[in-house]
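Here you get one chain, nothing else, as structure tokens; it is the form predicted on its own.
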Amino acid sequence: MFKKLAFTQRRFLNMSLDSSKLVINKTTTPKTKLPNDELVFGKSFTDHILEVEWTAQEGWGTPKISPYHNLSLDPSAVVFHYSFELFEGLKAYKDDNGDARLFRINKNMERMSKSANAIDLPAFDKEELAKLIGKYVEVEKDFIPKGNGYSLYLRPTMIGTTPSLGVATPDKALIFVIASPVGPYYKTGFKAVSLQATEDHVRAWPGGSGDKKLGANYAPTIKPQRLAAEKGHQQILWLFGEEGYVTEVGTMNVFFAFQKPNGKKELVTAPLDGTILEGITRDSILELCREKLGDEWEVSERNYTIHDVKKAADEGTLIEAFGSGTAAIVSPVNNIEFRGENIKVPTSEGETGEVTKKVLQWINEIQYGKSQFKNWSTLTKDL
């Protein structure tokens, strides 16, 4: 299920992460659970936090689940000064039997491991952390709201905690996991969004860290996003280079569908070239579409430009477009402003396209345990 740790990471292991040593101390003052219609993404949290500390001398310590609390860190901790921080985002779902499920958690653990390696934070046993997260979800299971579109958002995080202003590999670190009950991403229904294609700002570049889930990648995207919102757009479409290569949309991967001259249709997304985040939803869409869309479709990972998109729209061969990510699963697109001109994107199903609608249904059914596909949905009690 999990790949072995790379040799370059083994020097950090010392005492391995061990889920069997988990200590659970439950709160004596449980929080009142909010009704579904009052849930706001990332604003309310569950009763507990999962934590495990690491030092270079002793390796990973005892994992603990304890009442939710503030962290206590030295003001000189390297996380504050040099962005030694990474995170993941995934969700727990409640199926019809009332059991908690996780969607492809092994992929989140693999990506988290790559992010840690990229900024010289310690390696960890991916399967053991997955087990710990499963146990944490079991403790917090009553916080998982019932209903389609409702879930418990999980935020595994690792930070460097060494108290030092020296720029060096941290010798202390902390993994923690918190959880927030959340509702459907679209409070007012499944709505197509408008994008602002930007040439003035670059999200990621070759040789950088754009393919890692690092906090440092996100803060610089907020101002361009705000400027786009002031012009009436919901998201930024990130372009790269003089050619105007399409990369991502907002904090999501992005897909476009084209009608090809040979009569086939093509669903295309940018390749994983080191600038594209390795989205779990992206990977899931590619696998599902390759298996389920049929022979009339080609599913591609290739470079394409905003000029290709505009030409297809002008010629009537642009079929649809959507962003993909954990929060929304898919986000349909109906317009792209580029150099002061609007590129209209078809939405054949009203607010969405046909493929976008199918993908949302396929993934939702797997997440809530209504259908199974390649063991992507895991019961937390089985981890």
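Since the structure is predicted, the reported quantities are computational estimates derived from the model, not experimental observations. Residue numbers run from 1 along the displayed sequence.
Just so you know, the form predicted together with a further copy of the same chain exists too; it's not on screen, but the next bit is about it.
Examine residue 318 and determine whether its closest non-hydrogen atom to a further copy of the same chain in the predicted bound form is within 4.5 angstroms.
No - in the predicted bound form, heavy atoms of residue 318 and a further copy of the same chain never come within 4.5 Å of each other.
Taking a further copy of the same chain as it sits in the predicted bound form, is residue 268 in contact with it (heavy atom to heavy atom, 4.5 Å or less)?
It does not: once a further copy of the same chain is placed as it appears in the predicted bound form, residue 268 has no heavy atom within 4.5 Å of it.
With heavy atoms only and a cut-off of 4.5 Å, decide whether residue 45 touches a further copy of the same chain in the predicted bound form.
Heavy-atom contact with a further copy of the same chain at 4.5 Å: present for residue 45.
Please run the contact check for residue 72 against a further copy of the same chain in the predicted bound form: heavy atoms, 4.5 angstroms, yes or no?
Close contact exists here: in the predicted bound form, residue 72 approaches a further copy of the same chain to within 4.5 Å, heavy atoms only.
Where does a further copy of the same chain sit in the predicted bound form: which of 166-174, 139-147, 125-133, 284-292, heavy atoms within 4.5 Å?
Single hit among the candidates: 166-174.
For a further copy of the same chain, considered in the predicted bound form: do all three of 94, 183 and 191 come within 4.5 Å of it, counting heavy atoms only?
Verified in the predicted bound form; spot residues all out of contact, no.
Only one of 299, 277, 119, 90 gets a heavy atom within 4.5 Å of a further copy of the same chain in the predicted bound form. Which one?
Selected option: 119.
Consider the chain as shown here, without its partner, and state which of 106, 196, 305, 157 has a heavy atom within 4.5 Å of a further copy of the same chain in the predicted bound form.
Here the answer is residue option 157.
Taking a further copy of the same chain in the predicted bound form, which residues of 75-94 have any heavy atom within 4.5 Å of it?
75, 76, 79, 80, 81, 82, 83, 84, 85, 87 sit within 4.5 Å of the partner.
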